[in-house]
Ligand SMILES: NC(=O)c1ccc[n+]([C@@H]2O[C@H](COP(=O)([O-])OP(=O)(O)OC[C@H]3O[C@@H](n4cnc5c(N)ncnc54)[C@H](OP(=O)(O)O)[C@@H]3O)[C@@H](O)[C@H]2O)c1
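Shown here is one chain on its own, the form predicted on its own, set out as structure tokens.
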Amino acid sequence: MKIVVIGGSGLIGSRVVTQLRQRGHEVLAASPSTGVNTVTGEGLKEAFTGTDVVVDVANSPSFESAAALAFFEAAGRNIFAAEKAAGVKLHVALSVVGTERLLEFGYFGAKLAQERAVENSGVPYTIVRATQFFEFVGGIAQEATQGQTVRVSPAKFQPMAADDVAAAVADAALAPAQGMVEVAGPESFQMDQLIRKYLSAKNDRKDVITDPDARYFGIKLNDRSLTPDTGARLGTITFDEWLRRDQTTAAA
């Protein structure tokens, strides 16, 4: 089966490409560096010729709301037109658990618009909504840092390893259309507790302050903001296991 992975050179996309190739499929990693530009439409016709499944894990280069919306709208128009012309049988998109609960940050409004476009495209689809990635925990801490203080909400979340995200996306690419599905990590944490654990593992001595009013990229969180519904698929890689792998890779 031929599968095109849009954003195939990124954190998740490269892993999806590897997993699908290991399962014996013909996989094209599509990105501007390989001559496929979804915003302009360049290369889509050629890439989609003979393609059974398109996986879209590309992200907007900007988190600013208007720029992100423009990116997802332009890419969606071009992708869906090319899919229909090529007779693509399934579209798989990666999104975020709780998108509709995170609209205080305009980027998530753009992600919600992307989801609606997928749903209304006329192409059979699966939207894989994932929780935050372990690989982004450092960025969450950095965004919450002022000087030597990290002010973080105690809200619950259930982050997961990028490898588990990729496995869920790859499985969705090989299954019939499922509509909307959610994936999450195997463990639930309070965000402040996980940030403390992460910074301690990195020998970072910043002081983590628990603050229920602290914002997550401008969003006021509660225990439902970032957590999946009952029945979400759970990954297998724990945070401790991921930390060990990350430290081993850094030391190599």
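Numbers for residues come from their place in the sequence shown, where the first is 1. Every value quoted in this text rests on a predicted model; they were computed, and no experiment measured them.
What comes next is about the form predicted in complex with the ligand, which is not displayed.
- Exactly one listed residue, out of 121, 78, 132, 145, brings a non-hydrogen atom to within 4.5 Å of the ligand in the predicted complex: 132.
- Residues within 4.5 angstroms of the ligand in the predicted complex, judged by any non-hydrogen atom, belong to 59-67 and to none of the other stretches in 45-53, 187-195, 217-225, 59-67.
- For the three residues 31, 96 and 136, a heavy atom within 4.5 Å of the ligand turns up in the predicted complex in every case.
- Looking at residue 11, you'd find a heavy atom of it within 4.5 angstroms of the ligand in the predicted complex.
- At the 4.5 Å threshold, heavy atoms of residue 3 stay clear of the ligand in the predicted complex, well away from it.
- Among residues of the shown chain, residue 91 is not one whose heavy atoms approach the ligand to within 4.5 Å in the predicted complex.
- In the predicted complex, none of the heavy atoms of residue 199 sits within 4.5 Å of a heavy atom of the ligand.
- Of the residues in 154-181, none comes within 4.5 Å of the ligand in the predicted complex through any heavy atom.
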